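Same chain, two forms, each on its own as structure tokens: structure 1, then structure 2.
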Structure 1
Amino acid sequence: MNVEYINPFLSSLVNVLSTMANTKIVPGQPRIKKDEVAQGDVSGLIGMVGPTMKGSFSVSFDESLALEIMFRMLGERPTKINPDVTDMVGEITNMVTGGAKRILGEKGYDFTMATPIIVSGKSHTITHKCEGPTILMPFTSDFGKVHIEVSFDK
């Protein structure tokens, strides 16, 4: 897997949060995840299966940022992660992966998305079990951190 394959996911997340939630996030340095541990409070995960590749994607939010996005998208401000927030994170996961799928499809990398899974729990960590490396891309915002991880078998 080429580090550049993270770019469609990166631009798709920036775009979704900007257009849907008027929220600006600032990309940090993308890197290959080795022993590093990246924590989040609510994460959206999705599997991807194509004719020549398979893999997985995750996006992990700090609780503070997820709740702010919830407020900006839907006008509700829950005090903690509830089913409405996990629904929203599932939607964002679908939109970001769908956006990346279109871009990667134009480059000849086709895949079908499985259905998203949401994880809630203070400071959980995620490990993608792929033969290829996992690429980690951190972002900062005024309301907390978010990071994405992408791994493909090719």
Structure 2
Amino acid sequence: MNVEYINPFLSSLVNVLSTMANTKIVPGQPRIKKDEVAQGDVSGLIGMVGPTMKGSFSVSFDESLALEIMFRMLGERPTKINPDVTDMVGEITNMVTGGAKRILGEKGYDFTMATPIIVSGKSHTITHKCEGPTILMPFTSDFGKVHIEVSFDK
């Protein structure tokens, strides 16, 4: 998979969480994901299609981190994942993908974005409908972990 496709999502996530939620995340070691089980408790998944590329992106938050981001972005502190938290994860998914779309567009890659799908619950699954490998990138913060997955057709 072309690393040019992946790095814009990494930098966009760091930027969105830093800017919108004043939250610093530290990247870990990327790897190829071998199963469909999400690494977090609440996830946003979005598909992307363009003339030369087809892919999908997901972001999965530990519950503790999602709740902290909710507080930092909206001033609300729910005690568990609720519809407001899942809406926020959907918005973050859109913002990250939109930021990556802008960066990729500057490099000549163009795609349209679908509406994000949000899934929550322990050990929920994320299915990327692409033929290429799924790259899993973990990040840590003071409030929990966030993982992104990026997959594009070969």
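The first residue in the sequence of structure 1 is number 1, and each one after it adds one. By rigid core we mean the largest C-alpha set that fits within 1.5 Å across both forms. Note that the structure is a prediction, hence the values are computed from the model and not measured.
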If only one of the two is the form predicted together with another copy of the chain, which is it? 1
With both forms fitted on the core, give yes or no for whether the Cα of Ile46 moves by 2 angstroms or more between structures 1 and 2. no
Can a Cα shift of no less than 2 Å be assigned to Ser64 between structures 1 and 2, given superposition on the rigid core? no
Following rigid core alignment, is the displacement of the Ile103 C-alpha between structures 1 and 2 equal to or greater than 2 angstroms? no
Where the core is superposed, what shift in Å does the CA of Thr127 undergo between structures 1 and 2? 3.7
